[in-house]
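Presented as C-alpha cells, the chain that follows is alone, the form predicted on its own.
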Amino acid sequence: MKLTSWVLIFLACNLAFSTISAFRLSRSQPTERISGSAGDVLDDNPVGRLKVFVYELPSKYNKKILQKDPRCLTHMFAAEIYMQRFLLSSPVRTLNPEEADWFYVPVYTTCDLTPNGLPLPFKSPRMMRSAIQLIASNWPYWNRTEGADHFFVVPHDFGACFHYQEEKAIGRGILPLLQRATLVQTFGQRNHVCLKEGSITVPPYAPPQKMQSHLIPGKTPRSIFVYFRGLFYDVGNDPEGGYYARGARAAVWENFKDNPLFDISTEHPTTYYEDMQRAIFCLCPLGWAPWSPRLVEAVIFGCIPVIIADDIVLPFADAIPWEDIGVFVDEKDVPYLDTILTSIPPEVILRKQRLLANPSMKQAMLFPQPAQPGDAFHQVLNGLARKLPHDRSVYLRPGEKLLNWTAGPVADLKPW
C-alpha cells in the first residue's frame, strides 16, 4: 500500500475516533449501536427469567483456597470467584432448590498457583469429582438429571479438560462427570474435544478498577498502528519451538520485529494500558490456548482486536458482533499481516471504532464489583435463561444412570 494511504488511515483515526472510556462515554464521542438481534440480546435483563440455587459447599472447595492465595482474585481465571460472589447477592438466586431452574456448584479449580502466578490444574479433576460426589450424596437434584440442570465455571486454559498443554488436554478430554452439565468457560474452539455443545464462552477476568485507573484523555491521538506485548516463544515449556501458539507468535516476531508500523516486544511496560489506547490495532494471538485477556483489554480501550486463533469461539458470540469490531487473520497468513491491515479502508476502521465505543459492548466484557446491568455476569445469566425451559429428556427415569463414575485417568479417581 502507498504511504499516502497509510497517512490517510492515521489521520482519519487520530482526528475522529480515539480512546473511548469503558466507564463514562461523553456525548461528543461518536458511537454506533449494535444493530439487529445482537444488540437486543446484549441489553437483555435476565432477572425474572430464571432462578438459580447456589450449593453451600464446605469452605475447602472455595473460601479456604482463596485465603491461602489471594492472588487468585486478580488473575485472569478469577471469574470462578466473582461468579459465586455475584450469585450470592443476585436477585436470581433462590434459597428454595425446588423452584430452581439451575444449580450452581462453586468450586475454585484454578486457585492453585505457582510462584509465577500460573494455575496448576493437576488437582482440579479430583477436586471437582469430590464436590460432585458431595452434592450427589447430600441433595437429590444432581441425581435426577446427572448434572444436566447444573452449571460450573471452569476457566482453565482448556476448560474442563484441566491441562494447559493442548495435546495433553485433548488426551484427557472433559471430565466424564461433567458431560451433561453446562460449562461456563473461557476456552472456546470449534470442533474441539474440550468444548462441549451448549457451553457458554466468557471473557477472561481483567480487573475493571485497574483499567479505569489507566484511562487517558479521549482525544489522545492513536499514533501506534499495530501494538503487542507478550511472549513470542516459550522456551521453558516449548524448547524446540513451533508448538507454543502453533508458531503464530513466532511468525509475528520473525516477520515484523523491524517493521516501523509494528510496536511489538516481550517487554511489558508500566504504560501498557495507555499504549493500547494510543493504538489502532492490537494483536490478540493465541498462546497455549486460543484466548487471552488482550481481547478484553482491546475492546475496553477501543483498540481494534486482530484475532489470530483459528476456529476460536469468542465470548458471548450471540450478542457481540465480533466480525464487525475485529479483524480475523488465519494463523497461516500471519506473514502477511502488514498487507492485510494496511489494506483495510479507513471507513471500515472508523466503523469498527464506532462500534467499539458502544458502552454496552464494553460492559459485557467485564466482571465488575459490584455487578452492573449488562455486564459479563448478566450475559452468563442471559445465556442460561435462553436454554430454558429444560427439555423433558434431561430428567432421568428412576434408577437410570448415564454417567460412568469410574471413567477417566486413574489418578483422577484418587480421593481429594
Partner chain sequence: MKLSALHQSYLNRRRSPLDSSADASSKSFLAVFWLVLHCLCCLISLLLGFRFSRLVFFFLVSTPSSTNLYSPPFRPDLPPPRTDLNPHNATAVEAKTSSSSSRVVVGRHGILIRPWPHPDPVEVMKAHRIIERVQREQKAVFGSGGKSSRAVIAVTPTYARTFQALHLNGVMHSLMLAPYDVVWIVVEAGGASNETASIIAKSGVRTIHVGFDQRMPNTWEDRGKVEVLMRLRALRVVKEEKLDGVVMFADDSNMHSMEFFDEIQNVKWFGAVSVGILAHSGNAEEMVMSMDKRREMEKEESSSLSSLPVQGPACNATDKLIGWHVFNTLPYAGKSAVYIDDVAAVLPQKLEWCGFVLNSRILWDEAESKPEWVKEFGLLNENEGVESPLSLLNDPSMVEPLGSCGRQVLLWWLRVEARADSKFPPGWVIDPPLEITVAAKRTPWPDVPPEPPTKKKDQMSLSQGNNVVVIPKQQQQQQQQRSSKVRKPKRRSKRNKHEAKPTDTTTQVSSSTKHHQERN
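Because the structure is predicted, anything quoted here is derived from the model rather than measured. Positions refer to the first chain, counted from 1.
There is another form of the same protein, the form predicted together with the partner chain; it is not shown, and what comes next is about it.
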In contact with the partner chain in the predicted complex (heavy atoms, 4.5 Å), from 329 to 337, 176 to 184, 82 to 90, 127 to 135, is stretch 329 to 337
Close approach of G198 to the partner chain in the predicted complex, 4.5 Å, heavy atom = no
Although the partner chain is absent from this view, report whether P119 comes within 4.5 Å of it in the predicted complex, heavy atoms only.
-> yes
Interface membership of L283, the partner chain in the predicted complex, 4.5 Å heavy atom rule = no
Contact test in the predicted complex: V47 vs the partner chain, heavy atoms, 4.5 Å = no
Among K168, R144, R229, R71, which has any heavy atom within 4.5 Å of the partner chain in the predicted complex?
-> K168
Note: exactly one of F103, W322, Y108, F256 sits with a heavy atom within 4.5 Å of the partner chain in the predicted complex, namely F256
Heavy atom of each of S213, D275 and H378 within 4.5 Å of the partner chain in the predicted complex = no
Within 4.5 Å of the partner chain in the predicted complex: residues from 218 to 232 (heavy atom criterion) = G218, K219, T220, P221, R222, S223, F225
